[in-house]
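Coming up is one lone chain in structure tokens, specifically the form predicted on its own.
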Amino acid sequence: MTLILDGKKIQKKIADELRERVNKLKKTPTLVIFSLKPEPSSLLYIESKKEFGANVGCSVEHIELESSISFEGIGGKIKEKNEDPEVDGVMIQLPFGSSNRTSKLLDLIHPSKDVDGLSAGNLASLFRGEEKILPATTRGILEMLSFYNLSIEGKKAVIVGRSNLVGRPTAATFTNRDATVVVCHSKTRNLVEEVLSADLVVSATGVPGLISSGMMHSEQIVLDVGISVGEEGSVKGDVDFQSALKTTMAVSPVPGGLGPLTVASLFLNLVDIAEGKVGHRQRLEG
């Protein structure tokens, strides 16, 4: 029988743990989120972060900026929050205009406050095996695997999607934990064969139904990070979930899988920062 990897259940466990950790702190962990107007989908994600933050005792400040604001204008606001001792974490809610400008803005966030783990400094540390702040979705993947005692070590992991948001940092994180990693993308010629050969699949493309029944097998763990919204508002993942239920050892659903854990992991990072734990993880060798 296929194990359904329940992100909501894990999120609740993390929330309980975070609440206890926050109660022991002498200050309220504070997160600042920058977003651009108008981004209705971003507002939904931000509201979920506010709700979770309030649930665990953290403060979330949302700063919504006009789309016409200059790079220098945004940079000045980020610098202000970098220097504010009351602020523990700073993030940019994506999408945030052009990808080129977004990358430059992410790099303006001080690495010690980069709660989303997407600045060049934190990604470079990750790729060197010196993990500091993991990107939230990647950390959510680790939390899910750990909760269900699903090992990464020695597994062949195939990651479909090479974005800096999910694919590349997850590949580096799995490599740091002794998986053999293959990264597939839109130019991969033998996608079916690569995915079928995997012990562990992570798909993060936003292409509904990309991972179909002929690409899965009974000893496989399949993690679906992709999300797309249909015309009628229906939410789908990259994986043909019904086929996965008949075929795989374990699969995460969409919705209710890794989405809740991305939010929870953001606050795990925030509380780590508030506790002063960031930057003390040992280098992973081998």
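Just so it is clear, the model here is predicted, and its values are computed rather than measured. The first residue of the sequence shown is number 1, and the count goes up from there.
Separately, the form predicted together with a small molecule exists; it is not shown, and the next lines address it.
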### Message
Can you tell me if R128 lies within 4.5 angstroms of the small molecule in the predicted complex, counting non-hydrogen atoms only?
### Response
no
### Message
Can you tell me whether A198 touches the small molecule? I mean in the predicted complex, with a 4.5 angstroms heavy atom cut-off.
### Response
no
### Message
Is it the case that G259, even though its partner is missing from this view, gets within 4.5 Å of the small molecule in the predicted complex, heavy atoms only?
### Response
yes
### Message
Considering non-hydrogen atoms and a 4.5 Å limit, does the small molecule approach P29 in the predicted complex?
### Response
no
#### Entry: Stretch in contact, per heavy atom within 4.5 angstroms of the small molecule in the predicted complex, of 96 to 104, 185 to 193, 143 to 151, 75 to 83
185 to 193
### Query
Looking at the small molecule in the predicted complex, is some heavy atom of each of A15, L18 and G57 within 4.5 Å of it?
no
### Message
So the small molecule isn't shown here. In the predicted complex, which residue out of V207, L108, A179, V87 has a non-hydrogen atom within 4.5 Å of it?
### Response
V207
### M91, M216, V166, A157 - the one with a heavy atom within 4.5 Å of the small molecule in the predicted complex
V166
